[in-house]
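Next up is one chain by itself, shown in structure tokens, the form predicted alone.
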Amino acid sequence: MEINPDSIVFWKWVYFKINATLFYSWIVMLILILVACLATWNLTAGYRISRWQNILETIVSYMRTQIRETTQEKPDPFLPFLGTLFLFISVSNFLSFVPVYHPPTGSVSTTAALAICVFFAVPVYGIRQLGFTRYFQHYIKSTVFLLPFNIIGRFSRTLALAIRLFGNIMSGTMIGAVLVSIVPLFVPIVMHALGLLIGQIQAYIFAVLAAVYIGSAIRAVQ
């Protein structure tokens, strides 16, 4: 049975505690910061670039293309937020092959926090692109009576984002743990590799859905 990372407590003082979810979230953030520092340490504009810079430019170029195709907008304003979402989820899921590691995305608190970030990012980007009045017009575009339903729709999309990511990551790790206990070695290895692939797909889907929500909010009143 896969252990809930929220139940693993490393340190506790009165009402404050550091559990596996929080600890490994910090580890992932530290890895991303270190890799970003290394990749941007000696950037050049010539033809001869370092391997780190080549990998960085490939990733950023791919993200820019996906954001442009999804939102139908210039990707630069959205790249920092959506790129950070994708990289955090991707690295969190990829490190699941480490024996003592528990992916923070396997906790509903992490997925809920990421979904809440998307929930607030949608109006922030919408207002920044369109202005306060134009953005909120689409909540009552047809009739003012649709306002509560549109608000409920916003909350339900946020809940769906959190539950989708949490469910897929938890189910994948639980299946892997069960197979390890009942079948020979090579089958869990194959399933674990499949789990890593699914984790990357989930990171992609989460980032794309966030881009879709932001893009739809901007285009709703255009």
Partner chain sequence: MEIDLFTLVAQIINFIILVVVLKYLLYNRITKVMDERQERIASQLKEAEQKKKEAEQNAELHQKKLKELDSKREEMLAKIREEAESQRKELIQKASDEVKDIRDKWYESIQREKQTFMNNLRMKAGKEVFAIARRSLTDLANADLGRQIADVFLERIQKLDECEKQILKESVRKSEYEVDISSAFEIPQEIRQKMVQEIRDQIASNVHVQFKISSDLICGIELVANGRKIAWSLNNYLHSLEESLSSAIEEKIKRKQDEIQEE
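In this text, all values refer to a predicted model and were calculated from it rather than measured experimentally. Numbering follows the first chain given and starts at 1.
There is another form of this protein, the form predicted together with its partner chain, and it is not shown here; the text below is about that form.
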Problem set entry | Heavy atom distance at most 4.5 Å to its partner chain in the predicted bound form, all of E57, V60 and C117 | yes
Exercise. Taking 4.5 angstroms as the cut-off for heavy atoms, does F81 touch its partner chain in the predicted bound form?
Worked result: yes
Exercise. Would L196 sit within 4.5 Å of its partner chain in the predicted bound form, counting heavy atoms only?
Worked result: no
Problem set entry | Partner proximity in the predicted bound form: W26 to its partner chain, non-hydrogen atom cutoff 4.5 Å | yes
Problem set entry | V122, heavy atom within 4.5 angstroms of its partner chain in the predicted bound form | no
Problem set entry | Neighbours of its partner chain in the predicted bound form among 78-114 [non-hydrogen atom within 4.5 angstroms] | L79, P80, F81, G83, T84, L85, L87, F88, P104, V108, S109, T110, A112, A113, L114
